[in-house]
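Taking the form predicted alone, here's one chain by itself in C-alpha cells.
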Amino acid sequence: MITLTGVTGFVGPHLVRALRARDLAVRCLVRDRRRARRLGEWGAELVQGDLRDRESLERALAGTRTIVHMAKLAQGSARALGEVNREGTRAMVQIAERQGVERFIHLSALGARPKPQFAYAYSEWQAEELLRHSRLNYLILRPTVIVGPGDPFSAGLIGLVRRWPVCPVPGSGQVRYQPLWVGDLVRCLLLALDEGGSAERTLALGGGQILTLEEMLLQIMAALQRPRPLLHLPRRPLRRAVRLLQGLGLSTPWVPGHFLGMANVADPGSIERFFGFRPRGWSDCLPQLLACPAEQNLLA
C-alpha cells in the first residue's frame, strides 16, 4: 500500500493517476472527500483526516509500506506553518516508525533553510530535519517551481500578458528560474518508488532550462503575439500590493517573500544524474501551458 498526503494539491492528482495506471494500491489522506471524489473514481482509497489529527494519521498509515508526503501549508502565520508542516510531519514520522513503514518520500521545497525569519522555508527545513534524524528509509525531494496545465505560476504569467496592458515585474526581472514540468516530477517519484532500498538523501530537482523572469514573459508575449511593456517595480511595494490583492481575493503569479527576489534554480543535471532522463525545458512546455484552460483542475 502506498499512502499519499497532499493529493488535492497541484502535483497530487497527477501522481495518483500515474500510480493507478500501474494498478498500484493507493490510499489518500484527504480533508474533504467531496473535493477528492475524482481520486476515488480512479480507484484510490480515501481516508478523511488531517495532519493535525493523529487518529486519522493512524488510520491512513495502517498497513502502509511507502509514504509520499506532499501535504503542506504554503502561507500563513509562523505558528500555523509550524503546526502543519513541522508538527504534522513529526506525527507522520513517529507513526511510520512505529508501524514499520519501509519508505518515506517527502516532497519539500527548494528554498527550505534553517532561517526562522523565512517562516515557510524554515518550517519545511524543520520537517526535513525530522526525517534526517529518524530511523526511516527516507528520500527528500526539493523541486523548483512546478509547472503544468493550469499551474498557478504559469497561469499567472500568461494571464498578465493576456489581460494587462503592462506587465509588472519584481525588481530587475533578472531573477532566474528553472521550471520543472509536473510530468517530469511525477516520473522522478515513480522511479524513486521503483528504486526501493536505502536512500537517506536530499535531492534538489529542476527542469531542463534556466531563464530569467523577464525572458519567460518575453517568450509568452512572442507566442501570443501580444507585446507588452515591462514595468519594473521595487520588490517591497510590489510585495505589499500582492498581499493587498490577495486580501481582495485576486490572484497574481507572485507569492510574497518567495518568488519576488529569490533565484529558483537547482543543479541543472540533477535529474539526469539521479534518475537517468533529461527533463523538459520551459520553452518546450510553453505551447501546452498556453493551450490549457487557465484554471484547469484534474479533480473537477
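Not measured: the values here are computed from a predicted model. Each residue number is its position in the shown sequence, starting from 1.
The next section is about a form of this same protein that is not shown, the form predicted together with a small molecule.
A single residue from the set Leu203, Ala109, Leu136, Leu217 has any heavy atom within 4.5 angstroms of the small molecule in the model of the complex; that residue is Ala109. Checking 25 to 33, 233 to 241, 58 to 66, 266 to 274 against the small molecule in the model of the complex, the stretch whose residues place heavy atoms within 4.5 Å of it is 25 to 33. Not one of Gly148, Arg187 and Gly281 comes within 4.5 Å of the small molecule in the model of the complex, counting any heavy atom. At a distance threshold of 4.5 angstroms between non-hydrogen atoms, Leu19 is out of contact with the small molecule in the model of the complex.
Contact annotation: Phe104 falls outside 4.5 Å of the small molecule in the model of the complex, judged by heavy atom distances.
In the model of the complex, the small molecule stays beyond 4.5 Å of every heavy atom belonging to Ala44. Taking non-hydrogen atoms only, Val84 approaches the small molecule to within 4.5 angstroms in the model of the complex.
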